[in-house]
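One chain is shown next in structure tokens, namely the form predicted on its own.
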Amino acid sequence: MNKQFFLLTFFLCALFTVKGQDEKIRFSEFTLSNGLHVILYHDNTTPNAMVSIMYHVGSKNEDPERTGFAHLFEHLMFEGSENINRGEFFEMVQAAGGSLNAGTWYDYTIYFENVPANELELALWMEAERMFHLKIDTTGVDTQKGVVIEERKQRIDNQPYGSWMEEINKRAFTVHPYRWPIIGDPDHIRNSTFEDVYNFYKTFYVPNNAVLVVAGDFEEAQAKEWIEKYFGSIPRGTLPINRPNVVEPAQMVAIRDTVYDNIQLPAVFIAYRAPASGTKDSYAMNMLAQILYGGKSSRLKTNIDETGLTLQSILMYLGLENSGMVYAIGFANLGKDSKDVEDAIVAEIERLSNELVSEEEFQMARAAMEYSTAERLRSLSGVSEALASSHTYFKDAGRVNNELNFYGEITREDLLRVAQEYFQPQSKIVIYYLPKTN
């Protein structure tokens, strides 16, 4: 181990020890009588307050014949309410000096407002308004249907390589609802009825399917009073919530296919199913992904990109509530063969199944993952989402204070074991994207 590496590792370990032991995320939590779980995180180092609300509904909770509804509601939730006119939601938050956004995922949908601390009550009232009094009418529904269908055209259908994740996932998952894309099928959106949309809202956008996080500078007693005032009277949801419990069967044969697209540069997409988020194996997989594609000295960059075989290679691990995926991408350099790109990437991935990583690689990967974990918890948005997702997935918001320990428990032998379990030759999916020949 060289001197610079030792000093870097020593410095990072000291930093993370302090963060892990002395700077824990301190929060309080309670549940309203209607089932809404509330988490309060006080931070007086900022003049702002953030209101986040995570609904435990994503694309995996949809009817297979009505996909895209979770994402459609990300749009509909900004249409207004009984007391907020259409188009005023953004205007009211921005006029108060705040910002707002939302996001849809396979497993959840999240909304947040970041406002000056003295506007916290406004943000809480607005979230309660759209939880209980969302304006759902034919004008808004028809408008947002068109917006979502157009968004799919721009982001997937008309984007070079835009369909790659959709093409992989529908081959990786044959029974689990991760098989369809978050944005959904445009025909499902187009053909859905007003009743379909309204029932989705009444099923999933209820207090007992949500966690509310208030983070930033506020008085806890006052925040609790406002939360009870605006959310406490919202009725508990009573409709059954679809929680998929299907187990995807193991893939026994490698899958290969070719997609012809409006592209100029051939690309190779390789994927393996991976562990679910929050499992011990997920922390090991994050470290394996870091070794393969984290930093300038990672294996793909050093052994593939720098040789000139690829213009660029990419690898990512996506941990989801019920499963996960590892995606590797290689863009062949001019004059290089796609098969050579595939072979080189697969060789690097499968090498992790055949030998222990070096102690230096291991320590660097762990330090990098600990750093990214600690860095995420330095912002209100990062803390808010971490608290909300920890409660949503595991009913344990306190997991945010154990993330560094989870990485610290991983050994080199764990990396070898996880690589051997998931990076098997018969478990891979390989898709070539090639230019259309007109």
Partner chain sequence: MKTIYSLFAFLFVALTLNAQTLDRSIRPESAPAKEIQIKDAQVFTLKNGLRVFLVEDKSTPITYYSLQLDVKPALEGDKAGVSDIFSDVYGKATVSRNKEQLNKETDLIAAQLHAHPNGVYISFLKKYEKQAIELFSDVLLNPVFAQEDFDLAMEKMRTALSSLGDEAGQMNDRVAAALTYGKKFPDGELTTKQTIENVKIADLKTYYNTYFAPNVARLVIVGDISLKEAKDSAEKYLGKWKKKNVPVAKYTIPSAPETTEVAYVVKPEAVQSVVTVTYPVTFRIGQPNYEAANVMNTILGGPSTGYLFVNLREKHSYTYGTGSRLSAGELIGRFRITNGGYSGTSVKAAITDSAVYQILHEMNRIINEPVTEKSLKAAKTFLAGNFSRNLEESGTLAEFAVNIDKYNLPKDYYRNFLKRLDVVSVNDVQAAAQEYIKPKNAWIVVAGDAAHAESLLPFAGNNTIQYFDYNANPVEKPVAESADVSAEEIIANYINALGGKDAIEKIKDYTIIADMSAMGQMLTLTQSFKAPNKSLVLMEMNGMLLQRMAFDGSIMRISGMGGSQEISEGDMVENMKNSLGVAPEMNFIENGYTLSVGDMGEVNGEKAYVLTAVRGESKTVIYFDATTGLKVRSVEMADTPMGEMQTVTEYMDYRDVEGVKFPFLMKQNAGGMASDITVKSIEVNKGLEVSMFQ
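As the structure is a prediction and not an experimental result, all values here were calculated from the model. Residue numbers count along the first chain shown, from 1.
Absent from the display: the form predicted together with its partner chain. The rest refers to it.
Between 174-182, 343-351, 246-254, 232-240, the stretch whose residues reach within 4.5 angstroms of its partner chain in the predicted complex through a non-hydrogen atom is 232-240.
Interface membership of residue 368, defined by any non-hydrogen atom within 4.5 Å of its partner chain in the predicted complex, is confirmed. Within 4.5 Å of some heavy atom of its partner chain in the predicted complex lies at least one heavy atom of residue 379. Heavy atoms of residue 35 never reach within 4.5 Å of its partner chain in the predicted complex, leaving it off the interface.
At a distance threshold of 4.5 angstroms between non-hydrogen atoms, residue 267 is out of contact with its partner chain in the predicted complex.
Here is the short version: of 337, 225, 151, 166, the single residue with a heavy atom within 4.5 Å of its partner chain in the predicted complex is 151. Shown without its partner, this chain lists 258, 279, 191, 143 as candidates; in the predicted complex, only 143 has a non-hydrogen atom within 4.5 angstroms of its partner chain. Taken together, 97, 262 and 375 are fully in contact with its partner chain in the predicted complex: each brings a heavy atom within 4.5 Å. Contacts between 102-133 and its partner chain, taken as any heavy atom within 4.5 Å in the predicted complex, involve 114, 115, 116, 117, 118, 119, 121, 122, 125, 128, 129, 132, 133.
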